[in-house]
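Just one chain follows, in the form predicted alone, and it is written as structure tokens.
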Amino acid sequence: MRIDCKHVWQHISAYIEGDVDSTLRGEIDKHLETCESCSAVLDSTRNVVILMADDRVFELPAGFSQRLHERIDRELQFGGS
């Protein structure tokens, strides 16, 4: 089984939490070895998890959520390898 960026992004949360089977984990690991984009998504997602666990409150810049969702939609549509 060969996976692409879209598959990695769909399973990134479960991957971080250790909730993927060993076959899928191996495929994601192989993909992450060569894909800078997915490695960045993994690092960013881990950072978000750490920030969400922090009790402090952070105010996001105006329009951040909209820009984030637009970027994710663009990446999912065009950016997968």
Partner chain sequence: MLANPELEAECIRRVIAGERHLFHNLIRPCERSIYLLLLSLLKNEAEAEDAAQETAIKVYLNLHLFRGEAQFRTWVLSIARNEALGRLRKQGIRREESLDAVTDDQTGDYTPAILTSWREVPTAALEQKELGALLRKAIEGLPEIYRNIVLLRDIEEMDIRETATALGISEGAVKVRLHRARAMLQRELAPRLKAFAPKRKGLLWGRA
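Residue numbers count along the first chain shown, from 1. None of these values were measured; they are calculated from a predicted model. Each form is matched to the other, and the largest set of C-alpha atoms that superpose within 1.5 Å is called the rigid core.
Keep in mind that the form predicted in complex with its partner chain is not shown, yet the notes after this line are about it.
Taking the partner from the other structure, its partner chain in the predicted bound form has no heavy atom within 4.5 Å of any heavy atom of S22. Mapping the unseen interface onto this chain, S44 counts among the residues with a heavy atom inside 4.5 Å of its partner chain in the predicted bound form. Residue contact with its partner chain in the predicted bound form: I3 places no heavy atom within 4.5 Å of it. Using a 4.5 angstroms threshold between heavy atoms, D54 counts as touching its partner chain in the predicted bound form.
Taking its partner chain as positioned in the predicted bound form, the residues of 60-75 that bring a heavy atom within 4.5 Å of it are, in sequence order, L60, P61, F64, S65, R67, L68, H69, R71, I72, D73, E75. In this overlay on the rigid core, I72 has a C-alpha that sits 2 Å or more away from its partner position between this form and the one not shown. Core-superposed comparison between this form and the one not shown: CA of G18 displaced by less than 2 Å. In the predicted bound form, the Cα-Cα separation between S37 and I72 grows by 3 Å or more relative to the displayed conformation.
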